[in-house]
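The chain below stands alone, shown as structure tokens; this is the form predicted on its own.
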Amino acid sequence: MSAMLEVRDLVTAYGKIEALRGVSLEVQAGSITCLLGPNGAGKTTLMMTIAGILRPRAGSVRFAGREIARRPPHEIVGAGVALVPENRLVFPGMSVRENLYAGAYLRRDGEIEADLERLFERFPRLRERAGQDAGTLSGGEQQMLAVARSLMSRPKLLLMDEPSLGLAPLVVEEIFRIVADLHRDGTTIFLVEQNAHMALRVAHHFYLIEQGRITFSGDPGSLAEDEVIRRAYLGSARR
């Protein structure tokens, strides 16, 4: 596999405070890559920098071989990168259908309705609630809507920031089934997730970020063998 996303020596700061301190990583085309890390480590900052919401102070972000760091968010979406943000951030006063149309705001092709129908087939609960205000949906339904809205842009790379956050265990199972289904359909996924047990079921490569730096890179087997990570994220240590 070749790298679809390449991040090199990335520095992003809030004023004088550097949240990312020379982050480098890769996401291989056709893979699910997972970023783990404690609260405040820089995970969401990295996602927002890749998506163009935050401008890096230094470093490079290359997508499909092209530099996208410092480009505006709509250009990055147009290039094929979509973000499912932390806490869903659906438009609460707009209907489910209107939220989905919002995900296709850059498109000028004639296949938007066909894509909408395919998403309703994938997410039948969204079809049932198509005319309902997004703010009245359950947390799990809002997460499905946030994913579906991002898919309306036809991304090559889907950035998912804490998709299981605040959801009941059965809903988390469903969300990760959706992640696996999207991957089987050909979408490359870069996933930020605290639930390492669930991520181990789907991800091909893991990174750990701590205090704005990458401190681990490896496959699921390496992750499970690392004593520090086992204690912090898997709840046990090797005997």
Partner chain sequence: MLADLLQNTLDGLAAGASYAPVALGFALIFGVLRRANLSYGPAIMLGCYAAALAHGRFPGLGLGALAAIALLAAVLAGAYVERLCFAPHRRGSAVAAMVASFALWMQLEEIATLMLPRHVVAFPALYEGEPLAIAGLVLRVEALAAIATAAAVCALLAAILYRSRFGLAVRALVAAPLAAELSGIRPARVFFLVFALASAIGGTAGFLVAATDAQITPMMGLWLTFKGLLATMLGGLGSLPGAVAGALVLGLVEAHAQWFLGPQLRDFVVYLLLFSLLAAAPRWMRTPSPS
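Residue numbers count along the first chain shown, from 1. Since we're looking at a predicted model, the values are computed, not measured.
The discussion below concerns the form predicted in complex with its partner chain, not included here.
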#### Entry: Exercise: P73 in contact with its partner chain in the predicted bound form, heavy atom 4.5 Å
yes
### Task
Decide whether A148 counts as a contact residue for its partner chain in the predicted bound form under a heavy atom distance cut-off of 4.5 Å.
no
### Task
Mark V77 yes when one of its heavy atoms lies within 4.5 Å of a heavy atom of its partner chain in the predicted bound form, and no otherwise.
yes
### Message
Can you tell me if E98 lies within 4.5 angstroms of its partner chain in the predicted bound form, counting non-hydrogen atoms only?
### Response
yes
### Query
Candidate spot L165, F176 and V179, all three in 4.5 Å heavy atom range of its partner chain in the predicted bound form?
no
### Message
Which is the contacting stretch out of 134-142, 116-124, 165-173, 82-90, given heavy atoms within 4.5 Å of its partner chain in the predicted bound form?
### Response
82-90
## Note on the structure
Checking A196, A41, M48, I68 against its partner chain in the predicted bound form, the residue with a non-hydrogen atom inside 4.5 angstroms turns out to be M48
